[in-house]
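Taking the form predicted alone, here's one chain by itself in structure tokens.
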Amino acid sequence: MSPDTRAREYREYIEAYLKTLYAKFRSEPQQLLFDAAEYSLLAGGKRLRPILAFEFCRMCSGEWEPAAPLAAAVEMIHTYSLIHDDLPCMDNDDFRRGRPTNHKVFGEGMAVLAGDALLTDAFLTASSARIPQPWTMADAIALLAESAGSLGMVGGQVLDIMSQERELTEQEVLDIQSRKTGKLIHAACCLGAMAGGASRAQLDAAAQFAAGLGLAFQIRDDMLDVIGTQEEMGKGVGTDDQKNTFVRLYGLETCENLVETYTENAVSALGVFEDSEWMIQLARDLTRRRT
């Protein structure tokens, strides 16, 4: 199967799966909440995190569909974080994925609640997964919660807010991005591996891969805010010029080298898997992307 064909299969599967999540609640009276949640959840995007979950599940077990509930849960949490990041009290963005942000359509209050619903409902969705030995559902839920919460993505967002009035050191920027972006990538890779019944060595390799890819992906994202266009990115660009990004810390040329280094660090972790060629190519494509 070609790289493009596999990515398209994963993406189409998760799109169809995500469409079912709130469809079953259409008899409930709080329809506006479901509309707001779906507006952002079904807005497309790379679906990187589900793709990573599916591929790690496949590399561990030969099958990838069992990862769907966990892949969807990570995507729901990612979507909630985007809704909240775009709010006036946070980044105050007007566009996301080429169209108005959630609060511009539904109002700030409903946008907050849509994010709250997606975060909470993610755990309901994850709980429907079947986790093979040696892992348990408790292991999976704990990993998802830690990655999303105060020790993970939310903690990274807090560090970001605390840092806005001063320039940061290299370690401080790494502390932010390894949590804010990296932890959900970590969750996707490791939960996919768990869904495939990964060995401890395979789970450790998934975590190492995620750490390298997460940093490479974020540095590339910081670069695209400088060199990309609004048409390419589907959102405003040049909005991070006063933030503590990798580009501000290092400059574009050094960032290009760091992307290569962190990508290769990620790739080097995949030796424990018998069939990792597709994941290696995906990692390199992601960190050379223009969108």
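From a predicted model like this one, the values you see are computed outputs, not experimental measurements. Quick note: we count residues from 1 along the sequence shown, nothing fancier.
Although it is not shown, the form predicted in complex with geranylgeranyl diphosphate (GRG) is what the next lines describe.
The candidate stretches are 258-266, 45-53, 29-37, 61-69, and the one lying within 4.5 Å of geranylgeranyl diphosphate (GRG) in the predicted complex by heavy atoms is 45-53. Contact here is defined as any heavy atom lying within 4.5 Å of geranylgeranyl diphosphate (GRG) in the predicted complex, and by that definition not a single one of Leu174, Thr245 and Thr287 is a contact residue.
Residue contact check for His78: one or more of its heavy atoms lie within 4.5 Å of geranylgeranyl diphosphate (GRG) in the predicted complex. Among heavy atoms of Thr181, some come within 4.5 Å of geranylgeranyl diphosphate (GRG) in the predicted complex. Mapping the unseen interface onto this chain, Ala114 falls outside it, with no heavy atom inside 4.5 Å of geranylgeranyl diphosphate (GRG) in the predicted complex. By the criterion of a heavy atom within 4.5 Å, Asp93 is excluded from the residues contacting geranylgeranyl diphosphate (GRG) in the predicted complex.
Listed residues Leu82, Ala129, Met110, Ala140 were compared with geranylgeranyl diphosphate (GRG) in the predicted complex; Leu82 is the one with a heavy atom within 4.5 Å. Note on the partner interface in the predicted complex: the residue among Gln202, Gln208, Gln157, Thr125 having a heavy atom within 4.5 angstroms of geranylgeranyl diphosphate (GRG) is Gln157. Although geranylgeranyl diphosphate (GRG) is not shown here, in the predicted complex the stretch 207-224 places heavy atoms of Phe217, Gln218, Asp221 within 4.5 Å of it, in sequence order.
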